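The form predicted alone is given below as one chain in structure tokens.
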């Protein structure tokens, strides 16, 4: 019977173990939030790359002006790249009609880790309802693996909460959930309990500011990214990663 598995880090599930399943990749601060924002702003696609060298090579393959080069190391923009990893940078003016070649410390690694999956979806709080609705369509027939990117091999609270929000939204019997799915769901329900949408966004911002990833962003002057990442349902797309082509697209063709 299909089940819902949450993994708090990619390292907690073997890459081959997700083969044939539907995978959901989460890196709230900030890769998946940035990918969603870029595609919502009109980017033709996003090409996730593991290394800076891979990204530069892939960028050159697109040809002049066909792609922008974005990413970070240690949260900071990479020298010589067009953009960093702030979702606010990926505006219509900068990315519309162009591919985005992206390399990040954690999120792009998590995406590539899931390359054997049948389908790979990109999730963050800003597309929570959209991704949950898509998963509802397959939950009865496919195993769903929700992969949290973490930070440098350490579990992050914001990714766990996002995973829990998805699990809560699917509302499946507990015997279909692994222990990490139950832990994530319960953590989310505690944060979300009896809160209006406005109160929840404020609470999420507060929680993420207190997390390791949030503190890192505050330290480098990127605190505004935390507030943007907490805007639940800001976007209505569910990007999908085609590992064979190495491209993430908006997923609107599946609607």
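Numbering follows the first chain given and starts at 1. Keep in mind the model is a prediction, meaning the values are calculated, not measured.
From this point on, the text means the form predicted together with a small molecule, which you will not see here.
A.B. asks: Of these, 156, 106, 180, 145, which has a heavy atom no more than 4.5 Å from the small molecule in the predicted complex?
C.D. replies: Flagged contact: 106.
A.B. asks: Look up in the predicted complex whether residue 127 has a non-hydrogen atom within 4.5 angstroms of the small molecule, and give yes or no.
C.D. replies: Contact with the small molecule, no.
A.B. asks: Consider residue 29 of the chain shown here, and say whether it contacts the small molecule in the predicted complex, taking contact as heavy atoms within 4.5 Å.
C.D. replies: Residue 29: yes, in contact with the small molecule in the predicted complex.
A.B. asks: Looking at the partner-bound form in the predicted complex, is residue 169 within 4.5 Å of the small molecule by any heavy atom?
C.D. replies: Residue 169: no, not in contact with the small molecule in the predicted complex.
A.B. asks: Within 4.5 Å, heavy atoms only, one stretch in 70 to 78, 93 to 101, 171 to 179, 134 to 142 touches the small molecule in the predicted complex. Which?
C.D. replies: It is 70 to 78 that comes within 4.5 Å of the partner.
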